[in-house]
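So this first bit is one chain, no partners, the form predicted on its own, shown in structure tokens.
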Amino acid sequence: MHEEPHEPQPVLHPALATEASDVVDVTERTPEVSSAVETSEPARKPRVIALLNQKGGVGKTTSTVNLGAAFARYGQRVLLVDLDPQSNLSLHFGVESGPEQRTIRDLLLDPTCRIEDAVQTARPGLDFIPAVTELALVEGELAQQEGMQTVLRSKLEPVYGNYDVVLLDCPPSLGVLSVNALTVADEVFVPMQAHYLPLRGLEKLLQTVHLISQGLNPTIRVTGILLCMHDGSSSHARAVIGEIESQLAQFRGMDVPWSTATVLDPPVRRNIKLAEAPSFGLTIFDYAPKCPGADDYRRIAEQLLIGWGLPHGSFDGAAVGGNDSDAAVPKKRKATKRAKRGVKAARGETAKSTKPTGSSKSASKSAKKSAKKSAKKSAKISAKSAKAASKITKRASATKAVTKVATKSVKRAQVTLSKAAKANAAKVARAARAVKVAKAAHTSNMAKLAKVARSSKPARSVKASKPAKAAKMAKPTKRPVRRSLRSGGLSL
């Protein structure tokens, strides 16, 4: 179990940020363990990751569900915790909590509620704790309790030995629920879109994590920027990614929680299948395992497991390279092979039965009769086929005649069209000449009118009009000025 340190812990050096989880393991194996969860060996603390962004609709729940599903298919034991009052995580699994089902609200407010009562199993190796809309009122109720920032940590610690990865789906705010998630988490992933406004909000989120690291959770680190709904063909998206990377590079080696943060690769491409999967109560690996979104989340999960040093085998075959139709192909092939073998066996039996023997003269006579009947039938069939062939030849000759007539009509039409085109070209040329003559007459008339105007107007007015015309031409056109992408730096 994890206990609050009696003395402030030193902030980890950025170079050792990747080993933050190992440091936490050492500090957590020393305290006493309750008799209810006491084992022969101390339980290893899982990787606890909070997916947090104060902006809504950026892909937090989608990333939590599909990353958790990818970890489970790699053989990890995963727990997802829904801290969002919208409770969309449960809908991704097609589960709606009933009145008797314990939720994260009961876990946070009821001291007698155990975590085992609230956990539900979505898939093998993938558990989750659902949420309800009443969770929005929890913040006011938690404010009346002592140690309100550490309630979630005390509830999760008894089951640390049952899981390898714990993902926390945080609400789109920086309230008490998000603070509880940051207090228990080892790492923070920031799901966001490569747009200008989410870039400006990233600075406030990092400031909040910095405040948590100074008191409640000294070992917390922001390790990944997860780009969702990404459009790689957009120049604006590329500019925002470059700005994020340049800003993060300025803090390499500094004593801040995001000194080792990177942009996770690959970015999750915009894909309609990711939006459709929750309506069927499925993860993206169950709904469309071959779509770009499934491939992106699988690759991100694989790279994270490699970076963490967690053991992982091959990805579950049900999600990569196959669906139901692909799995049915080898069955069909086996069936056809069996049918061919049956046909060959039947032919061999008929051949054996037709061999003459001395004791079966009656069988040979019946065979001769059947052969005569079959010969008559074949003759009738050949006569019918000959008649059909003659009909086909007659139809073919008729179609040849029709095609000849059609070709002649096409040639005639082409000739008439060429003549009409020549006539139209001549008319166009005449019209062009008439236009030229009219333009010449217009220019001559305009010149005459200009001479008359000059003779009637005084010289001063002519001189005064020229600067006015020049001033009108010199007026600059107003264009919108694009604001710089820079957010002023990720200052504290």
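In this text, residue numbers run from 1 along the sequence as written. All values reported here derive from a predicted model rather than from experimental measurement.
One more form of this protein, predicted together with a small molecule, exists but is not displayed; see below.
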Legend entry - Partner proximity in the predicted bound form: Arg102 to the small molecule, non-hydrogen atom cutoff 4.5 Å: no
Legend entry - Leu126 within 4.5 Å of the small molecule in the predicted bound form, heavy atoms: no
Legend entry - Touches the small molecule in the predicted bound form: Arg269 (any heavy atom, 4.5 Å): yes
Inset, instruction - State yes or no: in the predicted bound form, is some non-hydrogen atom of Leu226 no more than 4.5 angstroms from a non-hydrogen atom of the small molecule? - result: no
Inset, instruction - Counting only non-hydrogen atoms, choose the one of 156 to 164, 261 to 269, 210 to 218, 115 to 123 that falls within 4.5 Å of the small molecule in the predicted bound form. - result: 261 to 269
Inset, instruction - Tell me, out of Ala143, Ala383, Met254, Ala275, which residue has a non-hydrogen atom within 4.5 angstroms of the small molecule in the predicted bound form. - result: Ala275
Inset, instruction - Consider the chain as shown here, without its partner, and state which of Gln149, Ser173, Asn88, Gln247 has a heavy atom within 4.5 Å of the small molecule in the predicted bound form. - result: Asn88
